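One chain comes next, on its own, written out as structure tokens in the form predicted alone.
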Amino acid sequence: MNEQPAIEVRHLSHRYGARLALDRVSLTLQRGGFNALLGPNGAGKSTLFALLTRLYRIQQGDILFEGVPVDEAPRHYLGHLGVVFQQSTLDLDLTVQQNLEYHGALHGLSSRQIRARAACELEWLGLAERRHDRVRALNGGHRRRVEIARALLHQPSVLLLDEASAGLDIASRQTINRAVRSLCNERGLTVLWATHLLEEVAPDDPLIILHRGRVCARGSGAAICREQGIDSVTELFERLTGAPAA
């Protein structure tokens, strides 16, 4: 069994002018597991995602994929990465199928591969009957499922989700959270789930708490609570960040 972390972040810092958005952030993602990144709004989660997805250039520190700095093999790294951003990037005027076909073509998949994989992912996410509907006709929860299907189309080994449940109702949030967790159990996918909602984090999840651009705790939620002498992740979050639990 490969014990090496899927992704390792070492002493990562990032500035917007004079403002320090990330301050020497270090973390590892458990391979084949659901990793939770918890932090209040403005903690630096989206900046971290922009660096992990190479939207931003690394200013200071390192990101390693399977032990290799991503700057040394960026195409290899990005080819193994699936991403769902906080802001939707679907084309609302295209159908579900057309959105997936466009994404698959960008990854160099053949039409045959795209059709087969799209059918599989949409069936698994309960959207097979909506594949010819325009995205504009879907509700928020269904659009998020389409984005997850799109992110999985090229069969990545790592899936990054930045506030994937933002703006959704409770039932939709729970459905998407369960679906993503099943990817870890059934496919061995490594997941980083960024959220400010405590209800989306289980006590035994590998947990990173980010606040004001710094990692203030990491480990399983239950273990950190024991170390801190408190009873719940909710209390832990409020103590470390000073923010009320959402």
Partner chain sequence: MNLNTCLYAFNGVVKREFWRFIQQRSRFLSALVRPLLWLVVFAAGFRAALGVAIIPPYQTYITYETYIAPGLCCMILLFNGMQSSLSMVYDREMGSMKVLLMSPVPRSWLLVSKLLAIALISILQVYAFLGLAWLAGVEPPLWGLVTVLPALVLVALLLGAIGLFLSARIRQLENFAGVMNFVIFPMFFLSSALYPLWKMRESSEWLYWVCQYNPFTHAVELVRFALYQQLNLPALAITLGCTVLFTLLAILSFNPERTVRAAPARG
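The model shown is predicted, which means the values in this text are computed figures rather than measured ones. Numbering follows the first chain given and starts at 1.
Keep in mind that the form predicted in complex with the partner chain is missing from the display, and what follows is about it.
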Is N41 one of the residues lying within 4.5 Å of the partner chain in the predicted bound form, judged by heavy atom distances?
yes
Do Q174 and the partner chain come within 4.5 Å of each other in the predicted bound form, heavy atoms counted?
no
Within a 4.5 Å heavy atom cut-off, is V83 in contact with the partner chain in the predicted bound form?
yes
Can you tell me if L125 lies within 4.5 angstroms of the partner chain in the predicted bound form, counting non-hydrogen atoms only?
no
Note which of A137, A119, A105, I170 lies within 4.5 Å of the partner chain in the predicted bound form, where distance is taken over heavy atoms; exactly one does.
A105
Segment assignment from 197-205, 61-69, 181-189, 41-49: heavy atom within 4.5 Å of the partner chain in the predicted bound form:
41-49
Does any residue in 197-222 get within 4.5 Å of the partner chain in the predicted bound form, counting heavy atoms only, and if so which ones?
none
